[in-house]
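Next up: a single chain in structure tokens, the form predicted on its own.
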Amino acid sequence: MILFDEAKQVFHLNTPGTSYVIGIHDEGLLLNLYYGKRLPDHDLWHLSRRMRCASFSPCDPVLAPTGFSVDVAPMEYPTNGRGDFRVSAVAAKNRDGNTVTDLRYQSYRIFAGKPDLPGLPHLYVTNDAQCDTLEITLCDPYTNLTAVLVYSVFKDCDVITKYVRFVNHGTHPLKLCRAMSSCLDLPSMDYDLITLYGRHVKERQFVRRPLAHGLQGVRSVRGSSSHAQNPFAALAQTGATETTGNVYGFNLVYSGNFEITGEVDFGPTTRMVMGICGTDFLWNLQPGESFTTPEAVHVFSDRGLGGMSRIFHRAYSDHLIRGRWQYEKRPLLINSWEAAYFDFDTDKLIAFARQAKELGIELLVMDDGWFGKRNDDTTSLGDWFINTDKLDLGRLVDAVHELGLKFGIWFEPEMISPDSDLYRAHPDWCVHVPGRVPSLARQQYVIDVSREDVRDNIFGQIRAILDNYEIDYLKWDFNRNLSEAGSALLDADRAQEFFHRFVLGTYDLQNRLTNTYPDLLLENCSGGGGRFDPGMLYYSPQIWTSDNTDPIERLMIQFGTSLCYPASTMGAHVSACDRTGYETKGNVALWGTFGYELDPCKLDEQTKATVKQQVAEYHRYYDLIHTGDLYRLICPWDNPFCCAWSFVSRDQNETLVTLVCMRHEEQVLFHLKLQGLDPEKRYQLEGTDEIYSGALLMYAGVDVSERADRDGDSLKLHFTAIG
């Protein structure tokens, strides 16, 4: 619900449990008055007492007698060069060559529903009753640049989204040097900043640090959201835990260069801005042209980090993931990569399929190595035609389907090998800049998908495969960062538009794919989890979480990923890694989409029996894991010895609890306290006659001292409500 108090000049945006309040100050300055737990009050102008001018802070010429200064005010969308010396949300270079920007309130519009963002991924609603939207139009009176701030408020979850649409209504060209999607000013620095850093095979590692005076935050300049940082951050009230305390969550629906920057000024107050990274970004706006920023997602919870995560999970499950596979049960797959790498042929993969069928697996995925002359990683990216010396794809696909399995295939559409027919024919299609020799990474270049002719060629090659063979699943990989980032079609004036145009090109390709083949199950990948972001989830319902399939290493990766992203999006497989037994491998992989990365023909009979049991459990617990609420009971960043998590059905009638002993610690007694149950209900532990109240399980806990007491041990406990 969105209300506007005409007399008080205040916008009040309400989700079921939160309020976001914006005020129009004198001279059309837009201020953020409050964001947090839902309030019945609409008039919050008394908070303006914190806006008095500090020494050396310039004052607005008209408001100078009042002592008001934008340098200490909670600006809703702060501009560059007009006296606010904190990090800005927007800067536009005008015809005079300076970047002074001054946006003032002009008008507003409130309407039911949520508009689409053409060319960009975004949260959506299926009917207008699910959401209300506010558009606030600001205008720079000198340049006639307008900025339309677009807020959407969801009625079924505590989520507010923001983005900005810029239009040059002037008569002279402008250059956007900075165009953030969102800004939030908070009247305190009493928070810890939580982010997710990492590298290849060690993605989304949890880090928490107190805010300090100055700048802090995360960014990517790699051309993708990256392994190194994720476009997610949280501000947790000092002392907030997994279950208690105020937490603000921030996530950018974008897969390219981003930044989330926090600044604590001399106040001390905290400003958080989020959007496209300003490094190597410049966008030309000719008169009449527009530019739309990516969408930013905002969450507030007064129930700690767990409460924040569950809001994100439900919102993304219901309002981000689309298409057939949003709710439909997905097939359990086996991938050929760790089983065979490049060393496979038709008969070997058919043998894999026969054994997979016996185990109950439903989908065989043929990974890298099926195209061009691809027998190693030095050649053929871009040549998306069948390597007939190695493979009879028609016979393979028919054989797999005759067994009753589905068939999947691997592509890396945004890459090109220097040793490829496509590169020899079109060397200018490689991402490059004049006068520089392109750098190699993983023996490959990046292909310029900012160009429509390149996209047409790549998509045409993909269609030639998908139209002629019955393909049920496609894995889309992206295996290097961008360097020498430029396009032969962009002149010097538009060269710094390349990174964003590249991302838009990727979105266009994936949009074409999902629209043309709506039944295709698409899984994104980027050397594992190098592009695990909500932008990718708009096109694919699941993403390969990491190339690291070691179950103990996976725990930190999956716990970190779960801060923002639901279990249904997390590709997780059992592999031949010998760090733990198959029971623990399966228990860890069950927290995700579930599948296998191994040679099924090499399994002994005991392991086959274990796999069959895991397959049965996948089907049994699928709905609980994919639609239930996640509770992180013991986090690996809090406890180096063990971790635990649970899924609770939305009706609180069922819970699946998993505990993993990472390193055994001698102890006499260990009671694991559950969460999310109904304290009045009684729950029976599967396989026993033990019955507990929900209150006992949550407040006293269940004894697990002797159930997982060796390194690498794990257990599952399944409780159902009775009576």
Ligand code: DGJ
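One-based numbering along the sequence shown. As the structure is a computational prediction, the values presented were derived from the model and not from experiment.
Same protein, other form: the form predicted in complex with the ligand, not shown, and the subject of what follows.
- The stretch among 317 to 325, 415 to 423, 543 to 551, 132 to 140 whose residues place heavy atoms within 4.5 Å of the ligand in the predicted bound form is 543 to 551.
- In the predicted bound form, the ligand lies within 4.5 Å of some heavy atom of W337.
- For the chain shown alone, N479 is a contact residue for the ligand in the predicted bound form, at least one non-hydrogen atom being within 4.5 angstroms.
- When the ligand is considered in the predicted bound form, K475 lines it closely, a heavy atom lying within 4.5 Å.
- Contact check for V588: no non-hydrogen atom falls within 4.5 Å of the ligand in the predicted bound form.
- Checking D398, D368, D280, D190 for any heavy atom within 4.5 Å of the ligand in the predicted bound form turns up a single hit: D368.
- A heavy atom within 4.5 Å of the ligand in the predicted bound form is found for one listed residue only; from G198, P636, G528, G306, this is G528.
- Residues of 383 to 411 that come within 4.5 Å of the ligand in the predicted bound form, judged by any heavy atom, reduce to W410 alone.
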